[in-house]
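Shown here is one chain on its own, the form predicted alone, set out as structure tokens.
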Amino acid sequence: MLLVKDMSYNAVMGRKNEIMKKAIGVDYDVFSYGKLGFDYEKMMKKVGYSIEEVEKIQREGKVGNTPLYELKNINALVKKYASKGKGARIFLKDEAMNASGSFKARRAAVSVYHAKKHGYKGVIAATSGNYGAAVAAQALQRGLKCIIVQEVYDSRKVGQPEILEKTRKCEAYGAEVIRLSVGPELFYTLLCLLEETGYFNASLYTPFAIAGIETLGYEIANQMKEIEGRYPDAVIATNAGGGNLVGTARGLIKAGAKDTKIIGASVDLSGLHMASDIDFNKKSFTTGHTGFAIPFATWPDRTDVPRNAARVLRYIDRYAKVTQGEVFYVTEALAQLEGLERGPAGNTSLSAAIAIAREMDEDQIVVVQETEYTGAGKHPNPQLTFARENGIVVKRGKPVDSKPGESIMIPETFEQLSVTDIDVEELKFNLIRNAIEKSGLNSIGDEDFSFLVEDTNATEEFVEKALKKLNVVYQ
């Protein structure tokens, strides 16, 4: 008698760990201890590839060794609008030069190589961002099949120009693209496809993916050492799911740049719910925004893998948000002042860097660690036109007057570019609260306490106070 597998939502979700173990080849259970903890560094070592090996893998896929430019014309304006003695120099790592046009190619190169090495016939990734194109481009070169699962539309079947452009890019590299409306079926569909095909899950959040981005930080440290004879004072990373910032920070540390400050930057989309059908097309950025970044920072394990390797709070020193209008303004400035036309989402960190450089001393150096390719749907004009079609007011004015989902204020002057700091200590408290609430614990022991200290990069006193506030006994 032929047994028919139960493909109901609850049944597939119930097989999640079994499916993921086959689709990634990693048994996450072996890294777990206590009631909360898991050995993060041991998991990262599971990757099994050294920096040198990752560099070789990436060279084979036309990835890495991207140029690092000083933005001299933008720096002149930073200096002009800074106080006396202030105005750090900004350098830009041009990641658009990677095959497929973004830093995501670094993580895709390692994941696809690993899949090929271990005999998988194809790869699958669930993403609406540049990562889909990156996986498709790498799979194409390695001779593997590729399926990309995207959230593209709202319930009206209307999709943003930026996402539609990314669909086109995936298909250009030969991927099969599964287009979904926003909602809970994304993860269910991914699990069904993994189980049906037996393909590798090229997740954004595996240790392989993060190891791929480590070369980005490693290159920045070594290039700055070669150009200026020293490491940068700060590196700014656009932050969404966390992998960009975490991989870069780990690479800097591996190169020896242990004193370089790690600053995250996101576009402020506060008040918009990312899983909401109504809000889905009211955001004008599909990546690098707070709608992903804050939930993932405060509960990293909400991903498609049992334990997320992108754990932002372990590395971040400062976190700033900028507005959509500021990023559109800086996108134009980069093109018109530096001759570099790059996609708007990747310019989030540059927008923050301009404001932060004005705070820093003039002899300091800050590196913006990525750009992304641009294409028809990613230019500011189609995105702003789409925003107007969805009822968003677009006009010149003070960025601080912007309201996500209602208005986009394009700065009138360079001087109006600014940042708003996000309270990192509050994020750390929220991570502890989420860990406690999701586990249902009312007391913890030494092992779990130490894990929370590591996972928040906080002091023992901070974690003790947080637990006390949450009425959790530490014994």
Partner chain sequence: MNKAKRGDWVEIEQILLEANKRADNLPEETKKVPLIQWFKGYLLNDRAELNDEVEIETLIGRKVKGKLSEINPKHVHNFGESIKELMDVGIELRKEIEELN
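Residue numbers count along the first chain shown, from 1. Predicted model only: the values in this text are computed from it and were never measured.
The same protein also exists as the form predicted together with its partner chain; that form is not shown, yet it is the one meant from here on.
Asks: Can you pick the one in 230, 302, 254, 388 that has a heavy atom within 4.5 Å of its partner chain in the model of the complex?
Replies: It is 388.
Asks: Between the options 320, 90, 175, 126, which residue brings a heavy atom to within 4.5 Å of its partner chain in the model of the complex?
Replies: In short, 175.
Asks: I have 164, 278 and 381 flagged as a candidate spot, so tell me whether each of them has a non-hydrogen atom within 4.5 Å of its partner chain in the model of the complex.
Replies: All three within 4.5 Å in the model of the complex.
Asks: Looking at 336-344, 98-106, 256-264, 283-291, which stretch has residues with any non-hydrogen atom within 4.5 Å of its partner chain in the model of the complex?
Replies: Contact criterion met by 336-344 only.
Asks: I'd like to check something about residue 171: if you look in the model of the complex, is any of its heavy atoms closer than or equal to 4.5 Å to a heavy atom of its partner chain?
Replies: It does: once its partner chain is placed as it appears in the model of the complex, residue 171 has a heavy atom within 4.5 Å of it.
Asks: So in the model of the complex, does residue 28 come within 4.5 Å of its partner chain, heavy atom to heavy atom?
Replies: Answer no; every heavy atom of residue 28 is more than 4.5 Å from its partner chain in the model of the complex.
Asks: If we define contact as a non-hydrogen atom of the residue within 4.5 angstroms of the partner, is residue 447 a contact of its partner chain in the model of the complex?
Replies: Contact with its partner chain, no.
Asks: In the model of the complex, does residue 295 have a heavy atom within 4.5 Å of its partner chain?
Replies: No, residue 295 is distant from the partner.
Asks: In sequence order, which positions of 188-205 have a non-hydrogen atom within 4.5 Å of its partner chain in the model of the complex?
Replies: 188, 189, 193, 196, 197, 199, in sequence order.
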